[in-house]
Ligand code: ADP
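A single chain, nothing else alongside it, follows as structure tokens in the form predicted on its own.
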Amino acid sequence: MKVLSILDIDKNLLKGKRIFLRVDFNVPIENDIVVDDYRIIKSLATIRYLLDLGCILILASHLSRPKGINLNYSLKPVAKHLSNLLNKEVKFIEIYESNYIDYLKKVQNEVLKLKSGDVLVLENLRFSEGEEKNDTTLIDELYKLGEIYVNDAFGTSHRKHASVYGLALKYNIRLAGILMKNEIDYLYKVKENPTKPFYSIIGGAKVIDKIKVLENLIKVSDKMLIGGAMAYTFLKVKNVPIGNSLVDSESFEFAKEFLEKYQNKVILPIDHVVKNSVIKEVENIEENYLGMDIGSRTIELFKKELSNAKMIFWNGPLGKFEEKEFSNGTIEIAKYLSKLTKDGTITVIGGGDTVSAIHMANLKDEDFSHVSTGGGATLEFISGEEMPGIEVLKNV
């Protein structure tokens, strides 16, 4: 999949231009303080690249799902935090108007006063109901803010919203940011043309949420390792004792057919960490016990299989990693993938819980080839779903 990014065009086309930069700054805020700036940091490469070219940046994002204008969901704390990260003033125009369109008209006047290297963060796009409706009035007013459109918000690229889709169509020059480019390049390779041998690791809870992911990945995978709660659905249809472990009864038929068709590719856990009133490690789960993590034999089995891989995609934790007693499987595999990365294996990590898990293991994004910021967008991309925010960047 080929889209043009800010790295792919002549720098002179960008120098000094006013850039409308769509970012994903949908971050947790408590008491007006950003408590997790992961998504902000991931777009700093794009921001700094454009600032080095003397661009004027108009940054736009949504935050949560407010119903109309609600200052509890203001991006003002984000602007302040970004100012600290960049070590320079980041401008923010507060909203006093009763509707977002009037606010944008005020912003348009202020934008004309901005100089080379200035950064302005817009107020929450979802203060306008037109954002989710891809409304033309909102699009027309946003269009007046920039000369070139850049999208670095992969996490929202699966939505046909105004700032992601309709607005981009208005611009003759519409580009991917550096984060967006990396997301597309790595995830497209995973989905369409992985380096072989290619292994996928799929965890999480419900099979039904990942059916298309499983179907797409198994076609290009040499082996697929399945863990987490979703493994018990597959073990159940194989008549392996799973006690009271979580199963996805809606997916029994799919799981059965999947295993019959791909039995030589799928690797399931062979032992488990379980609990009721006590916690222990077992091969077969007794009645009244719940499987909560992969056991030590499974960890070694997974490591042995993964040692053969040249490329690995991992989505979904392998146990209830939020609880320390059941985090060992996920953490051990995360550390092993980090080691493989250093040895030359291409490793792609996708999904919010998986990202949280690698950080819990005291690993950094730099310990892997690519860590996706997308969450739901990552899964939809792998599933082959429509990605309006990416499709619109292809037609330039």
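All residue numbers are counted from 1 along the displayed sequence. Source: prediction; values computed, not measured.
From this point on, the text means the form predicted in complex with ligand ADP, which you will not see here.
- Heavy atoms within 4.5 Å of ligand ADP in the model of the complex map, among the stretches 303-311, 289-297, 255-263, 90-98, onto 289-297 alone.
- Interface residue among R174, K210, H81, R159 relative to ligand ADP in the model of the complex, by the heavy atom within 4.5 Å criterion: K210.
- For the candidate set N315, S251, S221, S128, a heavy atom within 4.5 Å of ligand ADP in the model of the complex is found for exactly one residue, namely N315.
- Although the partner is absent from the chain shown here, Y232, K320 and G352 each have a heavy atom within 4.5 Å of ligand ADP in the model of the complex.
- The closest heavy atom approach of P269 to ligand ADP in the model of the complex falls outside 4.5 Å.
- Contact annotation for L379: at least one heavy atom lies within 4.5 Å of ligand ADP in the model of the complex.
- Contact check for P194: no non-hydrogen atom falls within 4.5 Å of ligand ADP in the model of the complex.
- Ligand ADP is not shown here, and in the model of the complex it never comes within 4.5 Å of any heavy atom of G146.
- Shown here without ligand ADP, the chain has only L246 in 244-272 lying with a heavy atom within 4.5 Å of that partner in the model of the complex.
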